[in-house]
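Presented below, as structure tokens, is a lone chain in the form predicted alone.
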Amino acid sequence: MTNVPPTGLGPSELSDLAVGCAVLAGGGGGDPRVGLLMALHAVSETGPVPLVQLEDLDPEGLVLPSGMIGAPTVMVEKIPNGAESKVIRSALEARLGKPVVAMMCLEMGGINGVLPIAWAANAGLPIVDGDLMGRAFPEVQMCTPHLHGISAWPCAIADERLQVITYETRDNVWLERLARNTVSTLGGCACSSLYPMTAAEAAVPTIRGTVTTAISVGSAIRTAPEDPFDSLGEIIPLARLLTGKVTAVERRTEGGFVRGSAVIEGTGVDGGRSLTIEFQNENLVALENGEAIATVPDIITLLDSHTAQGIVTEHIRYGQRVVVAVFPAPEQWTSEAGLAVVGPRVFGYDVDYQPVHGTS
């Protein structure tokens, strides 16, 4: 599914990564364009960021999974400082007494699949070819280390003023509650590092090769000789639920999330059909005639019907021509333990998860 990973992330890799992250995010993770601009600026000053495997690192050195936390709609205007990784790194090194040897994307989606590259460049660190979600999810405990009983704390949160707050909580769900309240106070979004682990500890929960996969997705779309959907489908399995036009969008920011829904009316061969997509930062469920035809943890993404590029939830607009596509969830999330954390019932939908035909 992936090409040979690049040894370093420079401008061309970053541009493809941003496109891939928007496709794989399931609508969440924030607008990758801000992260891309920051990453491009950072590597123009430092050179390409080394892309490494966990086995390349000192097994006792710290790896910091990092990303933005909060409402993606806020991230459109409230952009990071760029130096947050330095103060987060200093705080966690002092707390844990170990040197940080690499950064990792917390999730492979939206801004959070690209911005950590800027942070790694600014901190003089490599980035790990992997992440803790394989897509984007809205809450702190929705990361693979949680499935293995690994604590998300000590956690560090920094805002654009470089104010740093560290947490040690009784469990990961409590960290989600407390961190979400903090982020709301800080203006709706902030930078964070969660689940600090040694490279040896990170070997078990990390979803491997996701940075490379996202770059391959972006490259396939950019270089597609004809239909970009055909090229995309050669990289990752894809099921098309409906091709149509966005006819209604309802979106609100509350409690540190963006929540809402979008209605897509079918066109062409899908004329007469209609899907409603409901989201909490990420697209959670696709409903047809009130029945769920796709749910988390599968990756439900709106793709531009001409370019196959992903549309994050804060950029869904009336009149957009889209393909509602579904990509398979990482296998960690389709296990019994995974579904207990990110399955449709967790988000209040009284349905069982069923993989969409064609995505597995």
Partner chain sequence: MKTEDTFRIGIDVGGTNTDAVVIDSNDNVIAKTKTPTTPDIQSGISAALDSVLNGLAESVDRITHVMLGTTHATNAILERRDLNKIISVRVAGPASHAIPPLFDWPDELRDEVLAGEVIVDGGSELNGQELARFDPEHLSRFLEQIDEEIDAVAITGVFSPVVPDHELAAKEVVNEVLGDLPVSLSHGIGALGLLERENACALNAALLSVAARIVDGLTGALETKGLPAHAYIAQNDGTLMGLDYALKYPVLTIGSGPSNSMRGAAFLTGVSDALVVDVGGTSTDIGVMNRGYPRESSSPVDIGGVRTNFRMPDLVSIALGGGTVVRDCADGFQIGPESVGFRLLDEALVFGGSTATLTDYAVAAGRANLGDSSNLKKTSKNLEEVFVRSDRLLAEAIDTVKVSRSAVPLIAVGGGSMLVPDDLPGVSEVQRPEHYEVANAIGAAIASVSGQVDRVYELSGSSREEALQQASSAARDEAIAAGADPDSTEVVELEEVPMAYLTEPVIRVRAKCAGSLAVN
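Numbering follows the first chain given and starts at 1. Superpose the two forms; the largest set of C-alphas matching within 1.5 Å is the rigid core. No experiment lies behind these values; they were computed from the predicted model shown.
In what follows, reference is made to the form predicted in complex with its partner chain, a form of this protein that is not presented.
Although the partner is absent from this view, Glu77 contacts its partner chain in the predicted bound form, with a non-hydrogen atom inside 4.5 angstroms. In the predicted bound form, at least one heavy atom of Thr253 sits within 4.5 Å of its partner chain. Its partner chain is not shown here, and in the predicted bound form it never comes within 4.5 Å of any heavy atom of Glu278.
Put simply, Ala286 is far from its partner chain in the predicted bound form: not one heavy atom of it is within 4.5 Å. Note on the interface: of 241 to 249, 196 to 204, 213 to 221, 88 to 96, the segment with non-hydrogen atoms within 4.5 angstroms of its partner chain in the predicted bound form is 241 to 249.
None of Ala102, Ala158, Ala152, Val258 but one reaches within 4.5 angstroms of its partner chain in the predicted bound form through a heavy atom, and that residue is Val258. Between its partner chain and the residues Ala292, Leu40, Ile311, Val323, the one pair within 4.5 Å by heavy atoms in the predicted bound form involves Leu40. Contacts to its partner chain in the predicted bound form (heavy atom within 4.5 Å) from stretch 316 to 345: Arg317, Tyr318, Gly319, Arg321.
Gly124 is not among the residues whose C-alpha shifts by 2 Å or more between the shown form and the other one once the rigid core is aligned; its shift stays under 2 Å.
Relative to the superposed core, Ser184 shifts its CA atom by 2 Å or more between the shown form and the other one.
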